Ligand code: AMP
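Form predicted alone, single chain, as structure tokens, below.
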């Protein structure tokens, strides 16, 4: 089958890379892709949803996989489905689970899915009143999409009020922040859990743990993610069971009852408090960089997972994972996440080590191909060095060995990815 992948990041590169090992897959297209995805398939300079659907029809593409959240929220799945095309991802209505934090929190409340105490508001007075009822730290969230940066953990009542005021005035996140959610801070450990869903049935992938802060020891500003590992030993069978019964099943049932059955990736941001999973948020696509660790752990053909979910037939799929660990270390540009950095040529040492050759790889993200044919770091998060191993330590050591082979001016990365597990 021929496949189109929508998106341009490390997540989309990783999905494409997994599909290159799949004997069921013919040609892979990326729209728009990045400077390295042209090594896996063909990049398309098409952004309009109808023009993409035309291309899929004209070229007999069997499956489209949507990577990022923005096209999902904007309704690409609805456009393709109206034309009878097979596409993996939720409709615009179902994508509200990520597109609106207010919709998501109210949905959780309606279906008794455990979540933090909260209010949604557009009123500064109401925001101030609720902030005073909570103990610091306090979580303030912009309602709309903010590229993973619309959640602020305020360390004091004063900071929470200032943040709420900046969001509601439109100064912090524009329109995305003119309605906000304020909620209690949950003290526990965070997990990323992904369920691939077909509307009724689902497959839960190995739980991952992301590292959001820029610097070691979880210090510095929040980012889109500086690394991740999977599976995490912080999840046991009991937590998986509670997630199944209290979270995933009621969510899929509730979405179906409300006339928007959920197909695609349900990304569950979980805080485990005293052994109980409490839901922080839902996203409607793979996390980035978690996807970069999950794809190489997939043992069964990647096309089967995506295609069977897209056509509503996951129950007939046999999805298996390798009994291994994956650790991914993000290498970011010099000025990330504060501002854009000047382009820098990426030089990768030749790997002569068999262990590295067989158990590591790079997933490229913020890269462009120069006129000279060389790869340049042009984005914030440039690439992810991924290591596989029989233990988290082995996987982590291999990932960092690969980091040492990659060079570009101003490169930065954390040195402690997976420290919670180790």
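Residue numbers count along the first chain shown, from 1. Since this is a predicted model, take the numbers as computed values, not measurements.
The same protein also has a form predicted in complex with the ligand, omitted here; what follows describes it.
Across the options 324-332, 275-283, 84-92, 247-255, residues that bring heavy atoms within 4.5 Å of the ligand in the predicted bound form belong to 275-283. Looking at the ligand in the predicted bound form, residues 218, 385 and 414 place no heavy atom within 4.5 Å of it.
Remark: residue 190 counts among the residues lining the ligand in the predicted bound form, judged by a heavy atom distance of 4.5 Å or less. Looking at residue 201, you'd find every heavy atom of it more than 4.5 angstroms from the ligand in the predicted bound form.
Although the partner is absent from this view, residue 139 contacts the ligand in the predicted bound form, with a non-hydrogen atom inside 4.5 angstroms. Among residues of the shown chain, residue 271 is one whose heavy atoms approach the ligand to within 4.5 Å in the predicted bound form.
Between the options 102, 145, 297, 116, the residue in contact with the ligand in the predicted bound form by a heavy atom within 4.5 angstroms is 116. Note on contacts: among 308, 212, 161, 111, the single residue with a heavy atom within 4.5 Å of the ligand in the predicted bound form is 212. Taking the ligand as it sits in the predicted bound form, the stretch 312-335 never comes within 4.5 angstroms of it through any non-hydrogen atom.
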